[in-house]
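Below you'll find only one chain, the form predicted alone, shown as structure tokens.
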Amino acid sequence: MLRRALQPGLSRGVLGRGLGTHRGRSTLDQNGKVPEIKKKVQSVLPGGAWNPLHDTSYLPPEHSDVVIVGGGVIGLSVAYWLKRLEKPRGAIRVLVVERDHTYSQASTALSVGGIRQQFSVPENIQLSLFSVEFLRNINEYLAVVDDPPLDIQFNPSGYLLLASEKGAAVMESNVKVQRQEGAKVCLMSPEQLRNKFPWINTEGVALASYGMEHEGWFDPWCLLQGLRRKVQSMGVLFCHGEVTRFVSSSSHTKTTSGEEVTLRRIHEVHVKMDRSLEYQPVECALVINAAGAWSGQIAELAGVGKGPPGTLQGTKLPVELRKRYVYLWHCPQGPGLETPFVMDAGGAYFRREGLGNNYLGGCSPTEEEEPDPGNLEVDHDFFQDKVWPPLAQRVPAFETLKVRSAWAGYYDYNTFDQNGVVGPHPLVVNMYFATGFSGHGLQQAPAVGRAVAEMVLDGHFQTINLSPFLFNRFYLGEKVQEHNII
């Protein structure tokens, strides 16, 4: 009891990296006496309307062992696994800070909800294999007593990737890697493709790969709400606000190559309250940067990349906002219930939505076509010019489609190699990353959350070795290039 009263954070050994909040607070406040005193003072003040000791229950706590910046599926998954893997139970105090409490701009809520193992990088395949197991058994992981079970609406229709003559060899190589990692994927010739999916025009298709198991799509909002409900039941705290500042200490050292660097340790996170100028400082032992498309800004606040170009100190987190459009259309004569998630060789994609001949789809723009990420307005001309023509060529029935609605969402786009950034920063020693997934963060969130929790608690990855996704690769120039990005 004495240790818990003096230091609400967990003991040094539990986080595995010798971290702990370092500033104390009065034992009077710590033991919860201040609210009682405030009530007594208020009871003798004249009048009831004037309240000089205003309610602060909406503020985040003054101390938290771990502050997670970002309350989307990645941040919530990290929170879930920290609480699930903690020993003893209740050892770690976790705070999740999310500035968009409606999730109106969250990548999760605006996603098309696909999950696949058809990647080119082994680690991405492993992440998605675990995540699909998590999704298919979601109530074993996220059940809450007396709450109804979750219905993730997983549709196991598979992914169908199409390759031209130019891309056929790469597809064959990718499928070999996928099979080695345990994914059930088959290659199909144009003739086999026509026999299985007669609604496809195979002109220009040299080869196709089809996911026979554990691929398809699900309800992203259900996963988000299920994670949130579960972590709240596990004692995770939530705050609707924006991180605006980190207070840190620094020391100087040299790398093995003789480069002089500054090591930083964050001690305090300033959280600005929603629609207010008020902020609350939160002392912490560790910060998880799971801010998605805004994680580059959070990294800058912590001093990441503030140094001479070409040095470790000056290496930025290369994650930025990228806007992507999703269109919903109706086509009475379109492909039926057996339709997989189709990715054409040119980048256009679509999947079935529900049972009424509705479809979702889109296409990633080229670098030259990247839209302004300053808003979430939809460019309908992009569908007419870039999405519809290749889709109608591939599925002739789509010649008569009618667009019913559309929306835009954000990718946390890693401009370096389009892969996730997972694990600690080498110089800001208690900031960990879980970001930069470039469009496949939703489907990999359960596995990424587990990996980050393992690194925090044990000091290394346990179940899936994600060392290739560490921050150091940006400084070293070691790309982990993923070829299958939608």
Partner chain sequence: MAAPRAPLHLVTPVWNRGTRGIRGLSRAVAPEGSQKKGRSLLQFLADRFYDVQALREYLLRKQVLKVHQKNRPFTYIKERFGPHAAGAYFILKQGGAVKFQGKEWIRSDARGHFSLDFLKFQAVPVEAVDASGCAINYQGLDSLLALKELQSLWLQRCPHVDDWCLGRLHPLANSLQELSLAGCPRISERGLASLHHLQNLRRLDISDLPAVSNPGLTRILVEEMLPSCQVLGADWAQGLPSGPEEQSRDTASPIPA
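What you see is a predicted model; the values in this text were computed from it and never measured. Numbering follows the first chain given and starts at 1.
Separately, the form predicted together with the partner chain exists; it is not shown, and the next lines address it.
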Quick one: of 370, 338, 300, 274, which gets a non-hydrogen atom within 4.5 angstroms of the partner chain in the model of the complex? 338
Work out which of 394, 93, 352, 267 lies within 4.5 Å of the partner chain in the model of the complex, going by heavy atoms. 352
Should residue 89 be counted as a contact of the partner chain in the model of the complex, where contact means heavy atoms within 4.5 Å? yes
With heavy atoms only and a cut-off of 4.5 Å, decide whether residue 132 touches the partner chain in the model of the complex. yes
Verify the contact flag for residue 250: yes if a non-hydrogen atom of it lies within 4.5 Å of a non-hydrogen atom of the partner chain in the model of the complex, no if not. no
Though only this chain appears here, would residue 197 touch the partner chain in the model of the complex if you measure heavy atom gaps against 4.5 Å? yes
The chain here is shown without the partner chain. Which stretch in 150-158, 98-106, 407-415, 174-182 comes within 4.5 angstroms of it in the model of the complex, by heavy atom distance? 150-158
Give a yes or no on whether every one of 306, 475 and 478 sits within 4.5 angstroms of the partner chain in the model of the complex by heavy atom. no
Contacts with the partner chain in the model of the complex - residues in 126-146 whose heavy atoms fall within 4.5 Å: 132, 135, 136, 139, 140, 143, 144, 145, 146
